[in-house]
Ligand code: PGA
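Shown below, as structure tokens, is a lone chain in the form predicted alone; questions about how it binds or moves come after it.
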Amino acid sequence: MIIALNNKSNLDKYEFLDYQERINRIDSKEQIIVCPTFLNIGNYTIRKFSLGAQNVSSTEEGAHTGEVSAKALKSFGVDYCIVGHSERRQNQKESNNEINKKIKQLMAQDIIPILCIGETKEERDNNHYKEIIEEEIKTAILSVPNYDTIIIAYEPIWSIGTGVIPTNEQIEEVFSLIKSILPNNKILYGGSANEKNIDQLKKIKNNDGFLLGGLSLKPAELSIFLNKLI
């Protein structure tokens, strides 16, 4: 399975170096992708895990103050990059069209995007979640060549950091929708997954792995989580 670790805006340089030593002790057969902050990408030294980024500029290198290009990420050995995370959609007002541009930048540098999609509680309660998810996917892959390499991360926004977990049936329904649009793409589940609920979540059909936020920062609990996948 693919296990993507999203450190979000956590861990200064020294905290990250300590964190890196601890997760390097984890022995797992799963494909693990570590996604540190931009500043800690340059401090990453673990060879047995892949390196990912949490974001990328929608433009090429140039006069774009504060932006980090896909070319720059590639030069640091980044092979994966999260795009469209719900926090950026909500807090930075990222649109589906901007996410599409970011995916194109990543694909041009042979960096595999991890595209986050998902609905709010209001969209779920109003039964609009299918239209929302379909629009997020179709706009993100518009005019993108070889889009079957994109990894899709379904993260119901109402579940992130809340401890509220959808039923496996709810998750599988969305996975089936994703597969109807992207039959060849890998799908991850993200949203309050941890070592306490993995016994239930690992039963999800068509699931290729997990995108982990809070758990990514807890090496001991993460190790338990990974061992329960066996």
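Because the structure is predicted, anything quoted here is derived from the model rather than measured. When you see a residue number, it is the position in the sequence shown, counting from 1.
Form predicted together with the named molecule: not shown, discussed below.
- Proximity to the named molecule in the predicted bound form, taken as heavy atoms within 4.5 Å, picks out 151-159 from the listed stretches 151-159, 127-135, 94-102, 68-76.
- Contact annotation: Gly52 falls outside 4.5 Å of the named molecule in the predicted bound form, judged by heavy atom distances.
- When the named molecule is considered in the predicted bound form, Lys8 lines it closely, a heavy atom lying within 4.5 Å.
- In the predicted bound form, none of the heavy atoms of Glu123 sits within 4.5 Å of a heavy atom of the named molecule.
- Residue contact check for Gly213: one or more of its heavy atoms lie within 4.5 Å of the named molecule in the predicted bound form.
- Of all the residues from 172-196, those having a non-hydrogen atom no more than 4.5 Å from the named molecule in the predicted bound form are Gly191, Ser192, Ala193.
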